[in-house]
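Single chain ahead, by itself, as structure tokens, in the form predicted on its own.
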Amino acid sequence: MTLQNFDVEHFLEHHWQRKPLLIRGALPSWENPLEPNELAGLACEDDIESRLIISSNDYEMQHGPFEDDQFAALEGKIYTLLVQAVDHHIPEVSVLLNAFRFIPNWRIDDVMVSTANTGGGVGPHYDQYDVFLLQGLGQRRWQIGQMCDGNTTLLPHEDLRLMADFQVKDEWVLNAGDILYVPPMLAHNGIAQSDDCMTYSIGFRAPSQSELISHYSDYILDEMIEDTRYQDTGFHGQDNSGAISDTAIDDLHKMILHKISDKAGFARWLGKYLSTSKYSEPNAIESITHDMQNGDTIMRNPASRFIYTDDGQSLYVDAIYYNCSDETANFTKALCSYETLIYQDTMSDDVKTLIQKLCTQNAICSS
């Protein structure tokens, strides 16, 4: 799947994380893989994250899972249903991500799908990450506002981050197959123009500095076997016992920097951290096979995250690390890059062992 009327190099140079871009007819042969009632069915399942926003008068948000009678009670109300990580459950939705592989896989978060009736939306807001908004069914009017920051005033609301002052700079009505790219911190507002409106939001991960420091610090502390203590063997005394010398400050600072500046250790942690599944465990996949046959198709679980480093010799899948031999490295890189591979009897024993482990982990399956 490839985006039409779209120049990757021009987009990355002029739009990515800078300014919005409307792509008309991005997927001209688009066939919506999911009907609104099917999305509502997903929102009734216990292990799926979903939200319902009713905006007839004010904005009211309810969290799933939902019951069928809750949807029946929506008649006469303006609403939006949003379901997270639909690509983890519907293969035809996960295929959408192939069109965005010009961005590294580890940056991709998930595909959130929303359905709304005429007038439905979540209100003017901004996100802290990039998003591609694909119109799947019906029409939606998108309004683009101003760039925001931490000082942007929000309306008081327990559940939603709605802007107090939304200034419309531009707007477009999107039809099925059209895509709007919105960079981080840019205010936007989507309003359904039809009762069958469905939008597919391809969101991207953007770890914050505080998030990285917090999780990496926890990892370092867990990995430390013996706590190194401060030493001042060369101490020659000082005039005032109440002072802490510049030398002591430097030495204590170096103790911290020495531990956190270990790039190899950071890379090991980062591989596990970024490959951690968004949810506690990847969803079960059908046709899982431990005894693959020659010619079988190997497929990644859409809910699993695959990352490799060290030119393929380090593989991370759902926070589990695999040390790969030289002959396994090429397979590792291919597995992380392509949606499917073909199992061959001529594969090395090391590759077959890795495949077996990944099958047991429920990260890959055979069709």
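Being a predicted model, the structure only gives us computed values, none of them experimental. The numbering used is simple: start at 1 and walk along the sequence shown.
Missing here is the form predicted in complex with ligand SIN; even so, the following discussion is about that form.
Here the chain stands alone, but in the predicted complex its contact with ligand SIN, taken as any heavy atom within 4.5 Å, falls in 106 to 114 among 149 to 157, 106 to 114, 261 to 269, 214 to 222.
Shown here without its partner, the chain carries Leu52, Tyr59 and Leu74, none of which come within 4.5 Å of ligand SIN in the predicted complex through any heavy atom. Comment: ligand SIN is not present in this chain, but in the predicted complex one of Leu82, Met163, Leu96, Leu180 has a heavy atom within 4.5 Å of it, namely Leu82.
This chain is displayed alone, yet in the predicted complex one of Met292, Ile90, Leu133, Ile144 has a heavy atom within 4.5 Å of ligand SIN; that residue is Leu133.
Contact annotation: Ser275 falls outside 4.5 Å of ligand SIN in the predicted complex, judged by heavy atom distances. In the predicted complex, ligand SIN stays beyond 4.5 Å of every heavy atom belonging to Leu137. Taking ligand SIN as it sits in the predicted complex, the stretch 342 to 367 never comes within 4.5 angstroms of it through any non-hydrogen atom.
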